[in-house]
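Next comes just one chain, in structure tokens: the form predicted on its own.
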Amino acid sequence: MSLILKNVILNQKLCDIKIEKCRFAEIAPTIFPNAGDEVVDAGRKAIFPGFYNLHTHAAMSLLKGLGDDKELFSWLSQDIWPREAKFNADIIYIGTKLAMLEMAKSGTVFFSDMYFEQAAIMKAVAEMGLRAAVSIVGFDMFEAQQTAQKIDAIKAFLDLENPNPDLIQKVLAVHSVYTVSARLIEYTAQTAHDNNMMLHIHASETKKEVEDCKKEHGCSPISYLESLGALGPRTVLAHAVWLDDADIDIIVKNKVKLVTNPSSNFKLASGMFQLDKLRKANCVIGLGTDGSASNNSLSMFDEMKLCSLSAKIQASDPTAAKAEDIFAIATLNGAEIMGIDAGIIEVGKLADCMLVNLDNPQMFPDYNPISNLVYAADSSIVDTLICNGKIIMQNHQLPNEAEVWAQAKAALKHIN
């Protein structure tokens, strides 16, 4: 059975689109459905790739609004880590579903998660129908006993059953150089290399992190990670705000990927990502929201606008970070970084897309729809979300919304 999108607008032209076996199978002025095909009338709706959120902590959706207006290290130690100590697998399962509800409503088809209780997270992802990279987080606070426990946990994670390999990929992660020992970083990096897995790391997020690393190790976090074998083409560094020219050279040499998280970096006053400079250095860049507790939104629309505007200010150049470039960072770049054959509406590509309501003030007039998406739009424009060829949301509603809300409200009673 195929899915036929009738009267949809692609690149400002009316057409029909057939989705078959999870991929865009045909784009034509008119496509006649066969018996049994599912047909969606997409009149007055435009089709765009869905978003790929390359860095978040989904279950922290239950911590939104806690410890606002603090710098990173105080926020983590005083507000976040003590509350997270109350989390269990059930709480993380529910928090992840709540995050996916918000992400789906704002056009996100994929998220790269860095959190705990991977089985619970994968269960939530499989039920909600989005794509995800689920990581096990290296985090030992330099205690040998915890290092051994984390190594055992990584081994168990490798054997953990993946409930939907078509949508879920396993990833290894290192929290940061200020929470993880050299032994655990080296082990995690080697394991990722041996198993052809992505490696996800917070790096050079704050000035303090860089200064402390230089005092402790005599080099920047980027140089330190390289010395431990943690940098390579499958390494994704989140934040990467405080980079000098030597760091950038190391990143380019090792073909490391970067993810910027402007809302979180602004809220925590961590600094401003050097987008224009890094793009000119040929760094590969994706976009992420970070977690709800430090953003406090999971909308990629917000991230796109802030990403563009901050880059223009930093470069003192209104032509920097054009809308088309930012939209590509949020869609095609993200898919390519994660090895997903998607991120563009094209025959043969995986059908990850959103249908946007054009009868919305944020999308009118339509001189440049991409400009509207980056500079004007919010989640209210997203009518339909399709992931891997399956309709996840229609009429801005998910089929299990009421259940997710009920579970989330109950979960709050256990952590407050």
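Sequential numbering from 1, following the sequence displayed. None of the values given here were measured: they were computed from a predicted structure.
Below, we refer to the form predicted together with another copy of the chain, which is not included among the displayed structures.
Enquirer: Taking 4.5 angstroms as the heavy atom distance cut-off, pick the stretch from 124-132, 161-169, 178-186, 266-274 that is near another copy of the chain in the predicted complex.
Expert: Only one stretch qualifies here: 266-274.
Enquirer: Going by heavy atom distances of 4.5 angstroms or less, which of 318, 82, 229, 339 would be at the interface with another copy of the chain in the predicted complex?
Expert: Contact check passes for 318.
Enquirer: Of 365, 29, 348, 36, which one comes within 4.5 Å of another copy of the chain in the predicted complex, counting heavy atoms only?
Expert: Here the answer is residue option 365.
Enquirer: Hey, in the predicted complex, does residue 156 get a heavy atom within 4.5 angstroms of another copy of the chain?
Expert: Contact check for residue 156: no, nothing within 4.5 Å of another copy of the chain in the predicted complex.
Enquirer: Do residue 379 and another copy of the chain share at least one heavy atom pair within 4.5 Å in the predicted complex?
Expert: Result yes; residue 379 sits at the interface with another copy of the chain in the predicted complex.
Enquirer: Can you check whether residue 359 is within 4.5 Å of another copy of the chain in the predicted complex, heavy atom basis?
Expert: Looking in the predicted complex, residue contacts with another copy of the chain include residue 359, since a heavy atom lies within 4.5 Å.
Enquirer: Report whether the minimum heavy atom distance between residue 388 and another copy of the chain in the predicted complex is within 4.5 Å.
Expert: Answer no; every heavy atom of residue 388 is more than 4.5 Å from another copy of the chain in the predicted complex.
Enquirer: Where, within 378-416, is there a heavy atom within 4.5 Å of another copy of the chain in the predicted complex? Residue list please.
Expert: Sequence-ordered list: 378, 379, 380, 405, 408, 409, 412, 415, 416.
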